[in-house]
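Next up is one chain by itself, shown in structure tokens, the form predicted alone.
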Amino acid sequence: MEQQEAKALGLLAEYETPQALMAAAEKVRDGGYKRWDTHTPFPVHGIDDAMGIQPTILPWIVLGAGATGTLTALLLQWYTNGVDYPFLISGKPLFSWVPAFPVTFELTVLFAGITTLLGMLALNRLPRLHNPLFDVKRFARATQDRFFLALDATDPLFEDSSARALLEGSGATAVEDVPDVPTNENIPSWMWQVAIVLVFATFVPLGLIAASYNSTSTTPPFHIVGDMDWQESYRYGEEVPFFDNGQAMRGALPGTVAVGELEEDDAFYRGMDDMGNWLAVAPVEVSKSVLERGRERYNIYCLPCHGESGNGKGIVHERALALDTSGWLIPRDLTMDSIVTQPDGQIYDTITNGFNYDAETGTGNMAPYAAQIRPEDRWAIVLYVRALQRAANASIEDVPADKRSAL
């Protein structure tokens, strides 16, 4: 291969302490030299200022690359969604910067990140396979316990005798010429061969993916990374060995209050007055909308067990009897006298905290529904239960006089 001569750096000065190196760097800086560098076994705080290093143009290059990524992402999404393939969804605008922001952010970071790496390599003229400093034996201690200053012979102010005098007068323990040893900086041919093989090897998995995509198979796909496909998951109410009480569903932490959910009105949120007595009447205004809301919430949370009319014969109860009657706790009939005579606050409390329920074991006649049903909806359910009780225990006096003849 053709041998290329490496550019000699000129002179190499050795120092025993970082303080001596910094003092020497200040002298070389003040001497007007531009092409020189320092080498230390560990970062030395303040060396940049001592060398007079100025900010590079790299931040501006990265800024331009990031702006290019931003514009590219916005234009691409605007063109694809608003011009090339407009698709109207629920009257939403064909293009809006809000949903386009994630892609825009990612492309901005991608362009800026890649440019930072490539720009740093280019400005530092890297990678270099060889540096003439490697031919100086004492320079091996630059990674151990010595500090060095290398002055490039190509510097416009460089003159051997004056430069040597400057370095020797800066406290250097040794000043040595950097030998001009001819080196071969060409990439070896075997590396090119390996690189070509690796490039072509990358097409193998792409070909296998393409072949798999255009074929059918009776076996499931092979997953290299399972992600969440095989995660351990449990259904509501299923027993798990991980938690002490064996429950898969975790309850709310005691004593915690969500923002805006501080319950300051005891009567409304607890169903009892300041003396601890149950509220006889629900503290909400009775209206058709409230009853409709109560019916809707009742049908979602209560009907499966208590039935449509509140008689305790819901579909869950019927299913339990059909499968196995042993151990099944029959839901209560909400229209029986013992519940009809309960104050509204007590029924509200049953919805909130459950009935004969043990939070530690998760067992009881009825689990609490405070986490699923908002307080105002619990009161709406109470009022709807009262309507069911009134319907189940109605008398002729409950029918308007002008309608009684039709019965």
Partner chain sequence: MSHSPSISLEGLNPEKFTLGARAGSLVGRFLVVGIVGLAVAAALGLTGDQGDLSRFLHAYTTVYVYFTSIALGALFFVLINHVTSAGWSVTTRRIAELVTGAFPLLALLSLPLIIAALMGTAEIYPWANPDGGLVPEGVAHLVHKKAGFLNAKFFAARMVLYFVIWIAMAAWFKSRSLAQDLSGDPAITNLFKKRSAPMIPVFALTLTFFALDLLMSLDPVWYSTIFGVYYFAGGFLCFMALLGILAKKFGAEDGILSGFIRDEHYHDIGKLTFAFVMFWGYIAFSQYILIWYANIPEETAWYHEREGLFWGHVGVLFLLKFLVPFVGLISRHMKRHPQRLVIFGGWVMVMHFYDMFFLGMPSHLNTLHYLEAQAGPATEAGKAWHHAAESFASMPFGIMELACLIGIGGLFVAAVAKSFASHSILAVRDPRLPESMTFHNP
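Numbering follows the first chain given and starts at 1. Since the model is a prediction, treat every value here as computed from it, not as a measurement.
FYI, the form predicted in complex with the partner chain isn't displayed, but the following is about it.
Comment: the partner chain is not present in this chain, but in the predicted complex one of Arg319, Lys288, Arg250, Arg235 has a heavy atom within 4.5 Å of it, namely Arg250. Contact with the partner chain in the predicted complex, defined as a heavy atom within 4.5 Å, holds for exactly one of Tyr301, Phe101, Phe158, Trp278, namely Phe101. Taking the partner from the other structure, the partner chain in the predicted complex has a heavy atom within 4.5 Å of a heavy atom of His45.
Contact check for Gly260: no non-hydrogen atom falls within 4.5 Å of the partner chain in the predicted complex. By the criterion of a heavy atom within 4.5 Å, Ser96 is counted among the residues contacting the partner chain in the predicted complex.
For Pro241, no non-hydrogen atom is located within 4.5 Å of the partner chain in the predicted complex, even though that partner is not displayed. Heavy atoms within 4.5 Å of the partner chain in the predicted complex map, among the stretches 166 to 174, 189 to 197, 88 to 96, 329 to 337, onto 88 to 96 alone.
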